[in-house]
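This document starts with one chain, in the form predicted on its own, laid out as structure tokens.
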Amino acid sequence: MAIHEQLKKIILDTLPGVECVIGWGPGQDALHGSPVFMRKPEDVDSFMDTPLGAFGAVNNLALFLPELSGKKVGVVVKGCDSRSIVQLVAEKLIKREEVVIIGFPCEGAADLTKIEKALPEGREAGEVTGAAIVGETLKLSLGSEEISLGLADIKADKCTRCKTPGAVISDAFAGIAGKAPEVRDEYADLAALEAMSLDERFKFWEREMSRCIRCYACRNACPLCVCRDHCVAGSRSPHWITQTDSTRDKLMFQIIHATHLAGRCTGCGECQRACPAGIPVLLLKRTFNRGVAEIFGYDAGMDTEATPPLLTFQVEEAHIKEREWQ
């Protein structure tokens, strides 16, 4: 039985005991999928009913779980999504017993920005009239024009460094969890940025942030950014950030956002995927996360019993040899 069909069966079996099961369904066009909340058996018909199938299951559905606290719900997850759930449980932002986790072996997700850039000049994703995955190729139809793109070329960058293609925790699993791919250089994407001088690096961020429209889609798409009703972006007491169209204010918000997620970010990349301006904001989160991993030996989203190092206090940290510096 295909994994798609196995997942449908698991969802149908899960529905009677939960408020709903969250999955992916058709979106605005042939390329885009969208989160769906399945409450009745007939709702399951639309699950992954998109040309890209699991390859188009890009949304991190853990985002919705804090809002549904107090209700028992099911959720279908990729490996990176499951890590977000683990982190939410670890921080007691959701209860483990209220979530039925349905996992499947993820082989990567599409980067829709890469697909759009690969289209002929002047053409847009909304013009795609048909799409199909044939082997390792994505075939697109734009009217009478046919385009073929290699899946490896349009796969999200985060998938090339993924260590958990299967769910970290699950109550049901479709298929067989594959072996995690070898990660040659987990932080290769930071190397080019860090090779710049400080002045060059600041100019890079000024150039990137000049495109920001302050829509806060990056914040709203993050499953671990749960204080949006009390966000510094909207606070007037204290007044951290002005409403002027200042590049430095935009960068200030991103630095605060990344700091709040230090050691909590699971690298799902939703912040960057949601950005309509294509700003590489994930670089900031990954820079902070690497520091936490090196100093505290902590990897977010791997253990529901662990406490993120920046949410606790110890008189002396094992990896910080403070006494040796005195």
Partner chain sequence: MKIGVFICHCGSNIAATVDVLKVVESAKSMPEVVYAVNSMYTCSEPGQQAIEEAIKERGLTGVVVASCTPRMHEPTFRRTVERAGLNRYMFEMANIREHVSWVGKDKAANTAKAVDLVRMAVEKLRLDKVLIPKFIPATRKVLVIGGGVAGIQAALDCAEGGMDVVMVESEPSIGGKMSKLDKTFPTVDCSSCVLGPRMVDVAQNERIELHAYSEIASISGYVGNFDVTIRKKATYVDWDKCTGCGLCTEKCPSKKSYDRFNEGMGETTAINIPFPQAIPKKATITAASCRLLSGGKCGVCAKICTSQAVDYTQKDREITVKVGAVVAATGYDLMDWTVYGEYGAGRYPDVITSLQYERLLSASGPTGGHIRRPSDGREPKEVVFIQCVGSRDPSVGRPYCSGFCCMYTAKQAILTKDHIPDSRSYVFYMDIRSPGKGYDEFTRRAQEEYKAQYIRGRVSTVYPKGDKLVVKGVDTLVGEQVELEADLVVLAVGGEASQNAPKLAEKLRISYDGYGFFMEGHPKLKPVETNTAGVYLAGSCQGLKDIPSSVAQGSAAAAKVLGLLSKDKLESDPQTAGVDVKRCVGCRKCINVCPFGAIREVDMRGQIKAEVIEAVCQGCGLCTATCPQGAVQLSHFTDNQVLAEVEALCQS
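As the structure is a prediction and not an experimental result, all values here were calculated from the model. Residue numbers count along the first chain shown, from 1.
Below, we turn to the form predicted together with the partner chain, even though it does not appear here.
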With the partner left out here, check for me: in the predicted bound form, does some heavy atom of S235 sit within 4.5 Å of the partner chain? yes
Exercise: A177 in contact with the partner chain in the predicted bound form, heavy atom 4.5 Å: no
With a cut-off of 4.5 Å between heavy atoms, is A195 one of the residues that contacts the partner chain in the predicted bound form? no
Residue-level contact is defined here as any heavy atom of the residue lying within 4.5 Å of the partner chain in the predicted bound form; does K71 satisfy this criterion? no
With the partner chain left out of view, which of D171, E91, E107, D157 would have a heavy atom within 4.5 Å of it in the predicted bound form? E91
Find the only residue in A188, A152, V134, C227 having a heavy atom within 4.5 Å of the partner chain in the predicted bound form. C227
Have a look at 96 to 104, 158 to 166, 227 to 235, 76 to 84 and name the one stretch with heavy atoms inside 4.5 Å of the partner chain in the predicted bound form. 227 to 235
In sequence order, the residues of 264 to 301 that place a heavy atom within 4.5 Å of the partner chain in the predicted bound form are R264
